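Let us start with two forms of the same protein chain, each given on its own as structure tokens and named structure 1 and structure 2.
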Structure 1
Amino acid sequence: MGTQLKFYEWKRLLSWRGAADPLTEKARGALIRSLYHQRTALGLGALNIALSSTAVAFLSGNALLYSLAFLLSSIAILRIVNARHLSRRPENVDPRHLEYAYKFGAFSFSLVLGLTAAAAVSLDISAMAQVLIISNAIGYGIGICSHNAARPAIALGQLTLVSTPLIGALLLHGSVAALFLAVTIALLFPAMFSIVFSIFGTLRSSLLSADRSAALASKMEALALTDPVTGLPNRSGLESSLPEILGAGAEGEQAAIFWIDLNRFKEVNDLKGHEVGDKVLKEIGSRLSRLIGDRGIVSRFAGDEFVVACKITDRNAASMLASMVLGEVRRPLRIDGDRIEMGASMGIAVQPEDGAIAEELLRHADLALFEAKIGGRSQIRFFEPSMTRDLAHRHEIETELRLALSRDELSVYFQPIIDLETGKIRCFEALVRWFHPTRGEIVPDQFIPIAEDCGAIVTLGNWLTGEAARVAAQWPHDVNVAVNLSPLQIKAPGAALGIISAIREAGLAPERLELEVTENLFLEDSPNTASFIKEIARAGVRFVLDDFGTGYSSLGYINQWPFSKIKVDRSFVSGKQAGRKSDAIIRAVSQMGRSLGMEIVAEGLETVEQVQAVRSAGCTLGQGYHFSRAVPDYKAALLLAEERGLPEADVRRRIAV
């Protein structure tokens, strides 16, 4: 049974391609091309045999041997010429053609050599001449087996063609020596058979290993350049493809980089789960790929960011394509039965005016995206040189802000919040002010966003809370202090403990501290936010919903979280929206506040008429320049001292009653 299996294995290996042979075409081609290696050695061997056969013919003087010697020499010359021709660029020649050409020459040469040796034996020429040609024939058959072991069928075929005529002639000779020589030559077959397949097996295993290694390397390279979620090129894949896209194109053709950042993707991820988030990314990636087609490349650069690089005709074409891209992103998605709507911000850099090389274009597109996000959601911005200057300015402010925090260059100012019924100060809102030694006053609108971007807002917010609590501890016990909290500050590790520790060190009662938060804090529905609010509220600190009416203004937030006050945004009081509709909204909010036991604060009060309007609408507290601007701590103390020493009528004049 083992012999039978071995026979079938040999039979399969002898064929051009066995059904179960895992060798690839590339590996088979390599085996065949190896036949053409060592052309010099093959040429010398063929020349030696041609000379030997010619010498035998000359020594015997036999016409048949002269004819065979001439034929053998001719085949040898043709093989050498053919091998030199085909081996110059063997990779351009079909492996089958290479094999057939080699087979024809090898088998012809072997057969003629075997016939020459058989003729020498049959003609009974001189013993030394017979030894010369027989030794050449047998030596050639043995040597060619090891050289051509890459293709066992060729190697063993040549051995057969060389040996069979000779064995036949020896058997016909009939002498005892001839018979023994025939048997000896016949015994070469199993030995050479074993050697050939041993060498072939080693070569085959090496090629299989090389194939597997190459396939694995190719797969690893593909994985390294591909995003596993979307199947799009990742950052490395994009960078490897950009030079081709940004290279010289047709006349009048340009290229552009579109950097896309999805809006509120983290909210989808947190609320719906990462599996849904991945499906959203995959669907958006597919939409962008269909839109761009073969004009360029779409990659998932990182997180919820996609980068598109493609050829364009001009900036107008880039603007139109950008609108189409945002249209694809905004088109509602249906994921697991849920309708999901996304938006995106985009920065664009166009070659060559915005940069010539990939790195420069990517950097400028990123800058444009940054400006688009600052300008609000779903914005498109083209790169402008001023953005580089703005970024340098932001970096300067960031560096100097960190120094200001370490050098105590910042100050806390306090703006009073007035009881619209009595005219008395009920609370002060703590506001940070920065008076730079050389730049002068830097307004919060400039440095607060920078502090949030660079992470300094956590340190700044903790410092502001501590300073405000320290100052407020010196005020009368019925006057509170309010501090604005950034969402980043709340999410920082140990945020609740830091605030509780600050008011303890200052000696301020927890219920006198009011933390103002905006609706943006609740968009992500973070467990950290819920834990923070519960822990702080448990300690007795109050919460205020700030800028109500500017965001989503969900009543769910008011119902879910322990707010003691709602601050109506100044746009309803003194902005462009102020009017009959805004008055109605303020009345509705005030009515809701009374029902829920909350106080309503009107911001931005600048005139007596505005004070009277919000008071009649139901607001209980007011804040604005009509009462006072933000003042240093000592002036806040003076305002309180003056108020406590004034008659009731003078205090009430604040609200123009």
Structure 2
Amino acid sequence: MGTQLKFYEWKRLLSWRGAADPLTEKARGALIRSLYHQRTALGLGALNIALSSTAVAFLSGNALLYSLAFLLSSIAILRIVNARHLSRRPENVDPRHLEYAYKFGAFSFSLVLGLTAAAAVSLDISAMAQVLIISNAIGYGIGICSHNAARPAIALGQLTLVSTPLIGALLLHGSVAALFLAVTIALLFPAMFSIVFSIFGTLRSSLLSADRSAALASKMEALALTDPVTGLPNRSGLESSLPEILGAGAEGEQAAIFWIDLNRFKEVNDLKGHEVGDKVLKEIGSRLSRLIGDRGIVSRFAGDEFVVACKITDRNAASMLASMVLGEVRRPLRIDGDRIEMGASMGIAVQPEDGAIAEELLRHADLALFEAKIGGRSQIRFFEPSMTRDLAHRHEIETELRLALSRDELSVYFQPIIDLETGKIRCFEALVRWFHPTRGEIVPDQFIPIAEDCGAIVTLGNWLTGEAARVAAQWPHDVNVAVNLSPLQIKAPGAALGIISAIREAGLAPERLELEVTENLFLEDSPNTASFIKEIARAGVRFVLDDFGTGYSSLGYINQWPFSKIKVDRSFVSGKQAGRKSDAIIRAVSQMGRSLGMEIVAEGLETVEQVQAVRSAGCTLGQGYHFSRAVPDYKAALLLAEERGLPEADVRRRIAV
């Protein structure tokens, strides 16, 4: 903005009230407060005037001049006292109040000074005394004009009040010199007018632009702390207000951090589009905000994560609140006519046990969430110190696992699956083994979840399928190989193609490969899963439902997908719950299998009795230590060769008949 002012702006500025001033109140306040700056200079000026007017009165001995000098000094003292009083806390004083106070003092002082000078001119006193007071009056008029340029009406008003009585007195005096002096003083008006407005323009535009950049900065700051989708605070927003929530609360009050991660959100996004995804986030965000109210803050972190920081009374309360939060997330959403169901996992850290400062609590809540996610869907986990150790262990395994493949530490072992009619090996299940140079053997249950979590399962799975297929290609054609497939492998791009090309390279007929999947795969109901299964099944590869009975055991999956076998989980055979009840379950599943044309495999057969039991319950295949543990490829080949050389009766002895 230029410093040049337009005519209509001058008019407005010079108006007595200054009400239509285009300045914002803040800038206006700053300008008014600037009137009170340089109090020392103002004080000295007032002292100077008081002294010189008193000197002139003393020199002339005139009573009028004495009274005027007294009046001037009194006004000066009052103004100094008032300025000190008001400027002690200028922010608390209304700017208009400041302006009126200043105006009153300034105008009265100027007028009395102008009248004193005029009186000195009109009275018959010494020329030098006249010079003294006139020069002081003019000097004051000019000086105060520049000083008060922030409020032009005051500046020029003071100049007018000082000089008009003086000019009048000079004109009345009638001498040529007095006339010239009157004209000279009058000429000060246009000069000071221009100076005042030039200073005012500069001041005003710099104040306005400072004001504007301050407003912009605070707007930017607010934006940087807010998540645009939900309108909730984002990570920085939460972090900036955390200290307040975590700070000392009332007696018996604690704070807790709830880190919430939505399940399946990515699929909603992929399937229904980002707009629906955004609406889901927004709705969940507002549900959580309503639930938490002013007890804490709800924020949205990256992607599908929400973090709630909240005051609580104790761990029990935290646990209850966590269930309520999950309840809010699970309540079905209605978006654009669609019913969407969401779930979430949650990690919780409670102050002060799990950390005193925000950063530590957040880290621990995140760690607890990580454990919750590993543990399965929709879990709530409180932080425990052991999680830190587990995490370190997990990290180690994760890095070593990536190296294990290249270092040849992984092998494929094969466990036979036996026909319960003939006792012959019908299939081998390929099971991975990790022989670590220093840790010894690491069991799959320990590293498969980690491999799934860090994505290494895709490489590992592809490698294993290739190896298993290569080995199986050497076996007799009526012996199949089964490979375990993690749901994550299926999600990887080109998963189906990877498997098909692995068996093609190995020269294994697709019908001889069986892919073992668990029900977890179908929980997510993703279109990827469906197209993967269709593509693979079209190529001739078979599917086996693994660990049946441990998950949801929905018969819907069995009906919907082309399984050739169902494997009843080993807990029904040799586990703690094995017994009459599980026997009945195995019977029911076998019956169903028979009518659907599927084979039923009993896992975990360790004793002859178990073999007999599952066979009489209707299982057609069996797997377990009773027959053989998982063995290396050469041993598997040996088992097959041995079996081919034995008379059928000896083979049948395996199944105790």
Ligand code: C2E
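Note that this is a predicted model, so its numbers are computed, not measured. Reference numbering: structure 1, starting with residue 1. Note that the rigid core is defined as the largest set of C-alphas that superpose within 1.5 Å between two forms.
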Number assigned to the form predicted on its own in this pair: 1
Is it the case that Asp304 and Leu431 are in the same rigid part, with the chain moving as two parts between structures 1 and 2? no
Degrees of turn, smaller rigid part against larger, between structures 1 and 2? 19
Can you give the C-alpha shift of Ile500 between structures 1 and 2 in Å, rounded to one decimal, after superposing the rigid core? 7.8
The CA shift of Arg439 between structures 1 and 2, rigid core aligned, in angstrom, is 2.4
